[in-house]
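Have a look below at one chain only, the form predicted alone, in structure tokens format.
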């Protein structure tokens, strides 16, 4: 039991989150362990993005507990959560469109005090996404959706996160970019970053993840190893477009 605890990067324990009087999450429990890619799947409005917002401090659960590397972060402010090592690439990318690729990446590191490794991290992003290296001086708003998504993930990596949260990274992208993004997600994970992935392309998500959780109207309906979820009849019918 003790080494499971040390192995746990993130633990979300029975959280209840609200938007005003709307009860969005009703006792969600999940965990991400060292070296894992964990995916959250479910239909629109199931509570996937609300779960991420509860973790990153944009909303605070009214009940339940969130721990990150053994520390309680349930009521921690969003900017402190980033400083502790949780970084997110948000849905819709939310880049600074008039700023260059390099300037957008720099924004990801604005909280960091260890500027010594700054250049090295920038080079790591350019190695992961060679297309960004070619466009480093280009205004982010003039790039394609796929390139902007690469930039958003790169910006999140500049904070040197121990947990990277990705919210709908494939949304609205051409298939070739989707494939590249997911290949890079696997590589980032292989380099040692745990990943929590929210993704509407359930098949792709379950292909890259080690484990998954299926959310339905604010509760965890199913959980388990990704291959088992992929074989589940209900999952195949509802989320993989089969049957």
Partner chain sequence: MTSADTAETIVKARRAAIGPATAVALGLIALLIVWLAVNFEKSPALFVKAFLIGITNGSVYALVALGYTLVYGILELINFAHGDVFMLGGMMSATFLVSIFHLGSDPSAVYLWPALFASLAISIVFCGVLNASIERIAYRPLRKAPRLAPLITAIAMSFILQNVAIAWKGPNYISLPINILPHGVVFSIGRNTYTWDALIVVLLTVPVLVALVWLVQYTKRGKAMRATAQDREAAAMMGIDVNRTISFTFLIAGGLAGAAGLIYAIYFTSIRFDQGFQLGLFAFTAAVLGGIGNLPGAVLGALFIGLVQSFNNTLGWHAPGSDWTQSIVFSILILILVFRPEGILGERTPEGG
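All values derive from a computational prediction rather than experimental measurement. Positions refer to the first chain, counted from 1.
The same protein has a further form, the form predicted together with the partner chain, not shown here; the description that follows concerns it.
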Can you tell me if residue 90 lies within 4.5 angstroms of the partner chain in the predicted complex, counting non-hydrogen atoms only? yes
Although the partner chain is absent from this view, report whether residue 108 comes within 4.5 Å of it in the predicted complex, heavy atoms only. yes
Contact flag, residue 103 vs the partner chain in the predicted complex, heavy atom cut 4.5 Å: yes
is_contact(residue 126, the partner chain) in the predicted complex, heavy atom dist at most 4.5 Å: no
In the predicted complex, segment of 56 to 64, 171 to 179, 210 to 218, 23 to 31 with a heavy atom within 4.5 Å of the partner chain: 56 to 64
Check each of 99, 84, 143, 133 and return the one that places a heavy atom within 4.5 angstroms of the partner chain in the predicted complex. 99
Sequence-ordered list of residues in 129 to 161 near the partner chain in the predicted complex, where near means a heavy atom within 4.5 Å: 155
